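Take a look at this single chain, the form predicted on its own, given in structure tokens.
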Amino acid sequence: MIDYLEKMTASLKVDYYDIRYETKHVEQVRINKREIRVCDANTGDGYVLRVLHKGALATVNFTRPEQAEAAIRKAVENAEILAGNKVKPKQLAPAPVVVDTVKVKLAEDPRHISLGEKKELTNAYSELLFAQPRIVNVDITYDDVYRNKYYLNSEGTRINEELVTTRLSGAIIAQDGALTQPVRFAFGGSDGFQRVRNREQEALNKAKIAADLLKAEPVRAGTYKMILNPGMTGVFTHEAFGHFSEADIVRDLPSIREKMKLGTRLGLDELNIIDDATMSNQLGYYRYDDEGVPVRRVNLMTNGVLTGRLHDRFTAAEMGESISGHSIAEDFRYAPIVRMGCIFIQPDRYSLDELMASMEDGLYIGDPMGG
């Protein structure tokens, strides 16, 4: 495929180009109220061509090889049009030339598990949770995604990388009269199907929380000390800090650019926030981003001080900072943009028991319901 992409783009005469071809295979099972709502598999593929010419960047997506010639012509034409209207030319930060093939390493490959077995596993979790006291509905989804990406650019980078994610997630609804309490659950990763096996006790713990909440005393308005569990902490970190570490957002919003200057103190000495997409067991894992740049661990906040941010090659050049490998496309339908890989707060020296002991009259906040 890399050789084919080279032939496809051989006629391009521009300052820079890259092209990405990807196949994506998804298998999914969804069960709601004991009824199978989805049980299917689908595959798609496509190309994303980017052209940098005269300081302007143009992107064209296409799905069939015979469309390549027209796509190339359109991309160059669009770049010419954009160049005539650009106040500030776009530039690329330097990146290493990479030639690599990354085959996925899985403890148990979901591609070797039949869709029928995946349906049976999902149904087993559904039935287990329905059997618990006060549980009136379980909405549960299994999905796995296999992506095979080929990337080439005019600088000499040639990469083929496979990615596989497996996930089981859903909502457990408890009810007592008119009162309902939903609790969400999710587990999965990028290292195999075993991530969704043998998690029954965790699922049962969530069902118990949903039932217990029916008898819980409502929280009274006021100011409290709080401990957030890892799920809630992750959502807050992602939404309230992580997006403002994405350099394209910082670049485009002057007020955020002022508040997010490197070296600014934003938190306590104990607070360290990291984005690390190199952890192979996490859903956000990858080796190379969609500009062919090796991803690296980024210390976004160190001891409460802003020390880094996430870049593609364009934002890194514009802001005079180092590339980080965080130019990501959702799949073959999209051009890449700057996005987080796997963001988290680094554990400190305190245990949960020590934190609880320091609370006095406080709140422990459980999992979120959404962003």
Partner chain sequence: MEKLLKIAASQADQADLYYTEKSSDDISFVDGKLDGADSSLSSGLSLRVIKNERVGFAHTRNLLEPEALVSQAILSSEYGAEAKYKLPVTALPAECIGYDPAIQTFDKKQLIQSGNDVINYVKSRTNAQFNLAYWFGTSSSELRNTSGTYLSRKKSHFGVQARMIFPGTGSGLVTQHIGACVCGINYEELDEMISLYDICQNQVIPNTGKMPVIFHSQALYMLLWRINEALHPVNMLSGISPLFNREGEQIFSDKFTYWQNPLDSELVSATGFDDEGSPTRILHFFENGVFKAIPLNLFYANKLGKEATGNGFRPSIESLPGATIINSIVDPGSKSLPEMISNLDHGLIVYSLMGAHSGNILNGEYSVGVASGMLVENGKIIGRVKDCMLSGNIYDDLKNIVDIENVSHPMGGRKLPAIMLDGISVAGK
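Just so we're clear, the structure is a prediction, and the values are computed from it rather than from any experiment. Positions refer to the first chain, counted from 1.
Below, we refer to the form predicted together with its partner chain, which is not included among the displayed structures.
Contact check at 4.5 Å (heavy atoms) against its partner chain in the predicted complex: all three of Thr63, Leu253 and Ile256 pass.
Only one segment in the set 203 to 211, 277 to 285, 186 to 194, 113 to 121 has any non-hydrogen atom within 4.5 angstroms of its partner chain in the predicted complex, and it is 113 to 121. Put simply, His243 is far from its partner chain in the predicted complex: not one heavy atom of it is within 4.5 Å. Although the partner is absent from this view, Phe332 contacts its partner chain in the predicted complex, with a non-hydrogen atom inside 4.5 angstroms. Using a 4.5 Å cutoff between non-hydrogen atoms, Asp45 counts as a contact of its partner chain in the predicted complex.
By the criterion of a heavy atom within 4.5 Å, Ile159 is excluded from the residues contacting its partner chain in the predicted complex.
Here is the short version: of Ile343, Ile328, Ala58, Leu306, the single residue with a heavy atom within 4.5 Å of its partner chain in the predicted complex is Ala58. Contact annotation: of the candidates Thr237, Asn272, Asn148, Gln181, the single residue with a non-hydrogen atom within 4.5 angstroms of its partner chain in the predicted complex is Gln181. Contacts of stretch 75 to 96 with its partner chain in the predicted complex, defined by any heavy atom lying within 4.5 Å, are made by Glu77, Asn78, Ile81, Leu82, Asn85, Val87, Lys90, listed in sequence order.
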